[in-house]
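The chain below stands alone and is given as structure tokens, in the form predicted alone.
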């Protein structure tokens, strides 16, 4: 008997959630997940936090409950990659030489770290930070007194710096731009994050680029910068962003645009093929496409794409949210700040800084914060409520730490 097969390439967050959502929404036939990594699917956020700190192994945070795949009849092909898509025949070629028919195909292929194409890059002791193997290798290097150079002052680089300092390492962060997290947060928040890291012992070098790695007996022993500075170290973490994994889609002739281009239903240029997660780009507005590299995007897209693969027509409406733990502080960002023309700062009594990003009509586009988990969580959640309901509190209300914006939102709705 012919059995219709939903095939998912990639067992990261969006792929795993899609498989779960297919079963939860009543898909009774076959589901197959293909993943080349060869591990039990796991959560990625702990990699740059608890795993680097040596507090847990990657598999301690599985994406599937124990026994879930077998109990729900989901085939998991671990350690096997997808090599080509036969769109006309609706079959997927696998790295073991087999082919697999699909009713609908989901590309949840994720992203790969950007690399530094500089001399000495092949020395041992130089690591990206993207998967469990990377995190485990780095964690072994984080020993008291070891000199670590982190290339890139973005979110992952800062979390790695926090973990390394907590384990007694000497940490230098090299950032090509003039400040931290240039694309993600405004200058006041960037400055606050920098000062907190410096108070814990992190050293920052801004406006510098790595031009080479020195090695001795094949192992890393220094990092050379474009201003002539040489930093002695025995390990370096490269955290300069990621690139969407689009090779499979490109070979199949699917439309690409800053990733695998999808419509509002997360459908590619082939109506039988969908894409979700870090590899997919969706329309944010006329002529503007976006990829969101965050946990919530993968979570939400996984659920939406599953229903659409089953025949639904549910548009994906992004409400991005992300968080980061750095030392004893937390950072959260909700919404999309692109298009914001102004911002209002809220300085809380405990030192937490919240920033509300406004459009030209003074409507909240996004909110970001750094400080105590209590104040950041409360302030960001209030911003989410206001954004979802299209409310525009006064600038004075946004600025006043004694004004409870959550109650304001509830009162207006009531």
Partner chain sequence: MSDTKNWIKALDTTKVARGDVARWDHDGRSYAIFRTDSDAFYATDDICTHEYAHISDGYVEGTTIECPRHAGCFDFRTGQALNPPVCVNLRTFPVKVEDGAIYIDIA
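Computed from a predicted structure; not experimentally measured. Positions refer to the first chain, counted from 1.
Quick note: we don't show the form predicted in complex with the partner chain, though the next part is all about it.
Looking at 83, 330, 190, 172, which has any heavy atom no more than 4.5 Å from the partner chain in the model of the complex?
Selected option: 330.
Heavy atom within 4.5 Å of the partner chain in the model of the complex: which of 382, 34, 366, 58 fits that? Just give me the one.
The option sitting close enough to the partner is 382.
In the model of the complex, segment of 341-349, 354-362, 373-381, 24-32 with a heavy atom within 4.5 Å of the partner chain
Single hit among the candidates: 373-381.
With the partner left out here, check for me: in the model of the complex, does some heavy atom of residue 265 sit within 4.5 Å of the partner chain?
Heavy-atom contact with the partner chain at 4.5 Å: absent for residue 265.
Taking the partner chain as it sits in the model of the complex, is residue 41 near enough to touch it, meaning that at least one heavy atom pair lies within 4.5 angstroms?
Residue 41: no contact with the partner chain in the model of the complex.
I'd like to know if residue 392 sits close to the partner chain in the model of the complex, meaning any non-hydrogen atom pair within 4.5 angstroms.
Looking in the model of the complex, residue contacts with the partner chain do not include residue 392, since no heavy atom lies within 4.5 Å.
Looking in the model of the complex, any heavy atom of residue 115 within 4.5 Å of the partner chain?
No - in the model of the complex, heavy atoms of residue 115 and the partner chain never come within 4.5 Å of each other.
In the model of the complex, residues of 310-332 near the partner chain [heavy atom within 4.5 Å]:
Result: 321, 323, 325, 330, 332.
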